[in-house]
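A single chain comes next, written as structure tokens; it is the form predicted alone.
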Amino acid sequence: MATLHGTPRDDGFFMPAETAPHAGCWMLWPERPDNWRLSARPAQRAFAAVAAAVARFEPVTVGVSHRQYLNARAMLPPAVRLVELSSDDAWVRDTGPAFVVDGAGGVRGIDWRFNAWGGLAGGLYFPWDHDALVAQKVLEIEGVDRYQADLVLEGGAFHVDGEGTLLTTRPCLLDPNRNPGLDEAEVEAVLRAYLGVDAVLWLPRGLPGDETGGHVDNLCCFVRPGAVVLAWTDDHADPAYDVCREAEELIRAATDARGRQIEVHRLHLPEPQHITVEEAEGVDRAPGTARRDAGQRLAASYVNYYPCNGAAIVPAFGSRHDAPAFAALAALLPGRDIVPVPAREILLGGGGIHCITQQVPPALRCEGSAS
């Protein structure tokens, strides 16, 4: 693995849509008891179920600490590759690399800066030094050359359509606790240079209860170029209603990088989810780690799914909205199996299925160390 100078765009690389073919998927193994209840045992079962579901359709690699290696090996299917890799928590979407391609079989990776969703002025835990190295380690294991970007950006904070359009939310990229001193135009310039996009759609805010500051992967994603699925609620009393309505109005008024009006397909949220007393009591308290308190709202959303080869791994919440959401996604993602996986335990840790997965595009040729 070489660290490259210049930018992906200068070298003819761009980020493909998540619905493009994958060579595989990366995950990380949860274990920290101050985020996952009951020493992460319920979360580990949920992660193992996601890994098993994805592994039916594409290769899966799970990074795990030396402390949990044998436990993870016993819980994961034999087909899942396990590698010893230290991390501070299990959010590989945010700590792992973004992969870019050149359309001719070349693959490279972007190593963004990471500060635990806000650093010392609002982050979710400290320290995060192991997480800050995850992207570099993954690229080393994959044998992919690396761009190092001077921007705090989590993978859940943006979506691309593979044809030049990017979705994001203002509270994440423009918050002073992420990128102080950078304005919208300066952030856009980095996104264009590293992801190969031409149009950036800034949504005003994320869903209530999203402790990341409002990641877009809980709110809205591309189902194909020119079409998105948007989290929605019909309950005007729910604070999420105004968030979703604002996003819909902005997207419908915009055009994408190809000049298309963007189709918006609503995907109703489950009923509001909250941490129970029992769930809160199962989480250890530790200095520097965000608390898990009874009654705290959780950012449950069906939009937080993972599209793998031939399928979509979709969170299930035991809600009356589950079945309609699965049917809607089946119609929007033709040719893909809809595979629901119970996601309550993942949600309790602060995210969803998209948050704990990271796709790797196929490489048809080896990349040299420089262009």
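The first residue of the shown sequence is 1; numbering continues from there. In this text the structure is predicted, and so the values were computed from the model without any measurement.
There is also a form predicted together with a small molecule; it is not shown, and the following applies to it.
Colleague: The small molecule isn't shown here, but in the predicted complex, which of 215-223, 236-244, 189-197, 79-87 has heavy atoms within 4.5 Å of it?
Modeller: That would be stretch 215-223.
Colleague: In the predicted complex, which of the listed residues (Gly156, Gly209, Pro97, Gly106) lies with a heavy atom within 4.5 Å of the small molecule?
Modeller: It is Gly156.
Colleague: Although the partner isn't part of this model, could you tell me whether Leu124 comes within 4.5 Å of the small molecule in the predicted complex, counting any heavy atom of the residue?
Modeller: Judged by the heavy-atom cut-off of 4.5 Å, Leu124 is in contact with the small molecule in the predicted complex.
Colleague: Using the partner position in the predicted complex, report whether Cys25 sits within 4.5 Å of the small molecule, counting heavy atoms only.
Modeller: Heavy-atom contact with the small molecule at 4.5 Å: absent for Cys25.
Colleague: Is Pro361 close enough to the small molecule in the predicted complex to count, meaning some heavy atom within 4.5 Å?
Modeller: No.
Colleague: Residue-level contact is defined here as any heavy atom of the residue lying within 4.5 Å of the small molecule in the predicted complex; does Pro16 satisfy this criterion?
Modeller: Contact check for Pro16: no, nothing within 4.5 Å of the small molecule in the predicted complex.
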